[in-house]
Structure formats: structure tokens, C-alpha cells
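Read the single chain below, which is given as C-alpha cells and is the form predicted alone.
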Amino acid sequence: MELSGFYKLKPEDRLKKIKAIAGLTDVEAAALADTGALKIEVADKNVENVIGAVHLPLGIATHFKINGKDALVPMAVEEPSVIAGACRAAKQALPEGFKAEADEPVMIGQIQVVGVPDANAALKNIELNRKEIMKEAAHFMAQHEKYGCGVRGFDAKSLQTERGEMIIVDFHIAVGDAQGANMVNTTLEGVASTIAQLTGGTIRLRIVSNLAVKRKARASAVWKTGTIGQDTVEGVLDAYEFAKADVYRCATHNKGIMNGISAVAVATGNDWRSVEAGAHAYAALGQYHPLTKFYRNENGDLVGSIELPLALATVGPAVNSSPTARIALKIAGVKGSRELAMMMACVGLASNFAALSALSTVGIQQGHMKLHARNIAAYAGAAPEETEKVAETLAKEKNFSIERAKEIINGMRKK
């Protein structure tokens, strides 16, 4: 397969090549070329070897009240019931809704030093020159200070590894409403030579950490027993204890949280991979544990809370280059990355409550498969005007097979 110089081609010419190699039809090629609001020339500058764009449904989670303020939550996700579950959980938490808060957006950036002749002496030398190091690091953040950004401090430590002892310097850098990776990495690279001189070692990695423990968001809500029922309260508490005690269940418990959080991240143009990595790494501190907590308060109502790191952006190239991301942020009505983090924490908690309440009572399939039936109908070849009828029949029969959907479609068309 000869693709030399593929990256030099225009997107439309790349698509022609891929169409020929993969045997795409004209309709399939046209679907890839339809980039919607994202202009192909913009996409071509965002990533390499662009041939088109991928589309996800964008929905709105309703009924959210966060810190006393009504909110619309944009969510981009392919899985049925995620948005519906979040809406239901948010509605059941009314009239109080959710309370939320978020830390100052401080990221951790790490400089790795290897081949240090004397680690203790190196650590001491770094501490003795703390002011000079801070001054130099501040120089590389100077242009961002007007946005409330800046170096907040650093720590140095030694690590024993199979490759020998290493010195790691962790910088704490406030990044404002940006995700922060680029400004952190630039600062680390700028100050690295000074660290090398002070330690006598060789610099290796200079990179931001996705475990943003200094940039956490927290949210809580109360679901009243009179609203959700005693059986749901008991069921959620039992499900939560299961997740605490069993790592296999806990992985899926936390995945349910990220269903909501990642959907908002994708909708708003944020790096959902770093969000996922940070969340699961945080859950693994000490021993892998649920990111949420549930307990009964003095009134017998169910209280849920969540805490996790959320490194998000409401400004920057990734957000600004996507028209839909900008629109989603406008719909969300958030003022900065901290408010977005609060919203996402609330959605994560709502998504988790929705999953646990369904799983522990009627079962997850009753609601999920009812919604998924529409996807099955479409996949089986139902026209848009046929989809709902086919889905209703599948749900009524509790038979969600593709073959049964095709039978229903054929029967409808014969009539």
C-alpha cells in the first residue's frame, strides 16, 4: 500500500485515495466529507491526515439546578439512556438540586532527572535555590499572569527505580480557564536546564500530569425517600457497598460516573482522555475505590456526593476551533473552567445515581434497552418514520434481536 506523502495532500485528495483503497461507496465517502459546522480546512489544521469528521449525537440534560441556579447540560454521547438517566436523577433531586464547588485550577507538571550522582545533595541544592527556581519558572508564565495564572510552588523527591535513582520535581502551576498542558509543558522545558545544573543529572521527561489532585471538583445532592421510594434508597446503598468491596464492580461503578462526565467533556471540546485518566488514577490512590459516596442522613433520605480531579478548559485552541464546542459552552452558561468542573461533577453524580437506582431495583435493561431499541430498529433498516413503531414492538416483546427487528419491518411494509 503506497501512501508516501499522504500528509501533504489536501483532505479531499486523501479521501479519494482512502475511498479507492477501502472500497468505499460514493455515499460512504460523502458521509465522511460532511464535516458539518467544522470546516474541513479547520479540521485539517487540528490533526494530521484529515479525511473528514466523526459525528456524535448532541443532547441536553434538563432539570439540573446547581448552587441554586437552573442549568442546561450539553452532552455528546452515542449510548442510549445516559442523557435520560441524568435528566431523571436531576429531576428527582429537586427542588434543592445539587451543591458544587471546585478548587483553583492548578496543574502539576513534572521534570524527571536521571543519572544524578548524589540524590541527597541534589535535593538539598534544589531547596537552597528555591527562590531562583521560582523566579525563572515565573518568567515563562509571565504572559499568562494577567489571566490569574502563575507558578504556585514546587516539590522535589527521589524515586528508587530499576533504572536507578531519579529526582522528580513537581511544579504546581495555576492555569486559569485553560486545560493548561501547553503552558505547563513550556514552563517545564524552560526551567529544566537549571534543574539539570543543580542536580548534576540528565533531564528526561518534562510533562504535565493528568492526575490533577490540586484541581478537584466536588458535588452533592439529597434524594428524598418520599420522592424515590424506600426500596430505591436501600438498593442504592447496597449497590454502593458492593462497589466499595469489589474491584470488578467498582470499575463499572466509576464507568457509570464517567458516562456523564465524558459526554460533557466531548460536547464542550475538552480532552476526555485526560479527564478519564485523572479520574481513574484518583480512584486508585491507596486502593481502587468509588468516586462517589452514598449514605442516609438523619431524615432517612439518600445523600450522594462525588469528588474527583477535573482538568478542563473553556478557552484555548481546542475549544475555540470547534463551533459546536463554543455553542455547547454557551448553552451550559458556565463562566470559566471551575464552573464547568462543578457542572460535570454534578452530572457524574447524577449519572451514577441513575445507574445504581435502576440496577438495584427494576434492572438496567428495562430503561436502557427500551431506548436502545430505536438504534436496533435503525440498524435493521427501518426508515425514520418506521423506527418508533419497530422500537415499541421490540420493547413490548422484550426481544431486541436484529432479526426480529427485520421481521417487524418486513411485516409493516407488506401491510
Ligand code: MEV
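The first residue of the shown sequence is 1; numbering continues from there. The structure presented is a predicted model; accordingly, all values stated were derived computationally and were not measured.
Keep in mind the form predicted in complex with the ligand is missing from the figure; the text below concerns it.
At a distance of at most 4.5 angstroms from the ligand in the predicted complex, all three residues E79, T252 and K255 contribute at least one non-hydrogen atom. Heavy atoms of A350 never reach within 4.5 Å of the ligand in the predicted complex, leaving it off the interface. When contacts are judged by a 4.5 Å heavy atom cut-off, S220 does not count as touching the ligand in the predicted complex.
Taking the partner from elsewhere, N259 is found to have a heavy atom lying within 4.5 Å of the ligand in the predicted complex.
When the ligand is considered in the predicted complex, L359 lines it closely, a heavy atom lying within 4.5 Å. Note that among 351-359, 379-387, 58-66, 27-35, the stretch whose heavy atoms approach the ligand to within 4.5 Å in the predicted complex is 351-359.
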